[in-house]
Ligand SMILES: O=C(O)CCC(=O)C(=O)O
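Only one chain is shown below, in structure tokens, and it's the form predicted alone.
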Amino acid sequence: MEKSLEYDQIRHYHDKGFLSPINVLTRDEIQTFNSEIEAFEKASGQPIDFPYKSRCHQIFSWADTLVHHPKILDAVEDVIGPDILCYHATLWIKPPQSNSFVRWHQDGTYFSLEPAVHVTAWVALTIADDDAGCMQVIPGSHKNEFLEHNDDSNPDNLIPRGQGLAINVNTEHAVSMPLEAGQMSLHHTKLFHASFNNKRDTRRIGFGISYIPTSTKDIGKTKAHALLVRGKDNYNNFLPEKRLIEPHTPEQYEYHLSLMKQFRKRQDEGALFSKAHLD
């Protein structure tokens, strides 16, 4: 099969731990997805937030379309192979002129997945440049093991637990990953990354999708669900997650809530295990 990424791009991902930018969405797709987000917010009377911002491919048709998007999966396949599970997905919204941020962290610290080869596809639905508080990364930091993380109660932190690296991160060689709407970046689960304040007068909206090869093992105490989005699953290491059937039905909200309770339980167990292991 012809590859989506060039050889040098694939090598850069494996060597540096990230790749950006990659063109994936058309203008019509961007407009459609943002219109659907705004329609839900108008109907609910508030911006999308937790729990709907997490695993939202089980709530919204636009998110279901994105986790199955051929151009996204083509690039992901080039770095982790043809048999792909979606482990998790999160909508990241920074209000205009806001202090919202995400601490320096590694994505998979509490995921309990082995080996740690999960890749995050971060898709920009609006402009995500330096002014908007785009993601910053430390090139090559994915070659570290998972390091100690701790919690942070700052309400401006977009991660609900607030967790971030407990060490002082040397940002001398930090690199920004600015994106235009419709572009995405890829980054490795162990890569140090963060994002900071949105100084623009418009919202910064991005959708982060966690993908893993079907061969990945679930080593968590609580069994995880994962959604097959491409290829075949010959390993059955995860409970099979059902694809979105009908958005916004009581049954769908109930299923989403059950998945979120399970995911948060795994995160909490992973945090306790990580702390005990490091101590």
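So that there is no doubt, residue numbering starts at 1 and follows the sequence shown. Because the structure is a prediction, the values reported are computed rather than measured.
Another form, the form predicted together with this ligand, is not on view; read the next lines as being about it.
- The putative spot formed by 71, 125 and 184 is not touched by this ligand in the predicted bound form; no residue has a non-hydrogen atom within 4.5 angstroms of it.
- With a 4.5 Å cutoff on heavy atoms, residue 120 counts as touching this ligand in the predicted bound form.
- At the 4.5 Å threshold, heavy atoms of residue 109 stay clear of this ligand in the predicted bound form, well away from it.
- Though the partner is left out of this view, residue 113 does not reach within 4.5 Å of this ligand in the predicted bound form, counting heavy atoms only.
- The closest heavy atom approach of residue 203 to this ligand in the predicted bound form falls outside 4.5 Å.
- Residue heavy atoms within 4.5 Å of this ligand in the predicted bound form occur in exactly one stretch of 81 to 89, 193 to 201, 146 to 154, 164 to 172, and that stretch is 193 to 201.
- A heavy atom within 4.5 Å of this ligand in the predicted bound form is found for exactly one of 135, 179, 75, 138: 135.
- Along 81 to 112, these residues reach a heavy atom to within 4.5 Å of this ligand in the predicted bound form: 92, 94, 102, 105, 107.
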